[in-house]
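Have a look below at one chain only, the form predicted on its own, in structure tokens format.
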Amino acid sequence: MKLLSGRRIVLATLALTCASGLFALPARAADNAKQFIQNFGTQLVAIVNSPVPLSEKKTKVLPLVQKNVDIDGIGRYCLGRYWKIATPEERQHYLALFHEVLVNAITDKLGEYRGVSFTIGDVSKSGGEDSVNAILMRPQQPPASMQWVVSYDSGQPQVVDVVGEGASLRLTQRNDYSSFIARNGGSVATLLSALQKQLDRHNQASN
């Protein structure tokens, strides 16, 4: 089973962009989406570029990600059709594990990035989700063009997907999770066990 790519997540989180949509947004909606991404990105880049220790960066980034990223929504999407057949206990356990896996994937790579900046591009709409394009600039690296998808299902704007190099992060992860569960007899419990082992290894390596 392929696990969440920390590098892709961090690059995408720093770029703060959304998937290209199907038609133009009204000016007010476009401005709201741009402002949300601009604010989120400015705060995140300030933390990444700060001279504080990595442990302090992780502490500061965590509440920022939890507020601005719909981790539960992404988790449900990634489980795909197996969300419906999972028991309430499995759903609760899965979301708790997914939170840790996603946050670890982001915070573990923060130390690799300094001197970054980003520019916000056009905004478009696909269904009920707004899309904001942006480009991330890094020292001695080519510009990284990515897209972020922003949803309002929770009652406030939150990031629900990242598209980079032509691939949707949540779709790629859903395909990986679904394939893993299918290979293991359709048991959600096998995925939970694999995620727990991943977290155990991470915690042991961090100690």
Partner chain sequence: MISGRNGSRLRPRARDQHDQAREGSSVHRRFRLGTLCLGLVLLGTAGCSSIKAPVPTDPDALAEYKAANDPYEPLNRKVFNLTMKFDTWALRPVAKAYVWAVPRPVRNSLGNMITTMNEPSVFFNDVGAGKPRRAGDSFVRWCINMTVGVGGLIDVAKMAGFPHHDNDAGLTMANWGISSGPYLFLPMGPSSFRDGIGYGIDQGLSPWDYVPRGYGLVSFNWAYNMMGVVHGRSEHLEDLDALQRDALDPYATIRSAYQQQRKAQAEAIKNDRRATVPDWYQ
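Residue numbers count along the first chain shown, from 1. Note that the structure is predicted; figures quoted are calculated from it, not measured.
Not on display, but discussed next: the form predicted together with its partner chain.
- Looking at 66-74, 33-41, 176-184, 148-156, the stretch with residues near its partner chain in the predicted bound form, meaning non-hydrogen atoms within 4.5 angstroms, turns out to be 176-184.
- For the options 62, 167, 52, 46, the residue carrying a heavy atom within 4.5 angstroms of its partner chain in the predicted bound form is 167.
- In the predicted bound form, none of the heavy atoms of residue 188 sits within 4.5 Å of a heavy atom of its partner chain.
- Looking at residue 84, you'd find a heavy atom of it within 4.5 angstroms of its partner chain in the predicted bound form.
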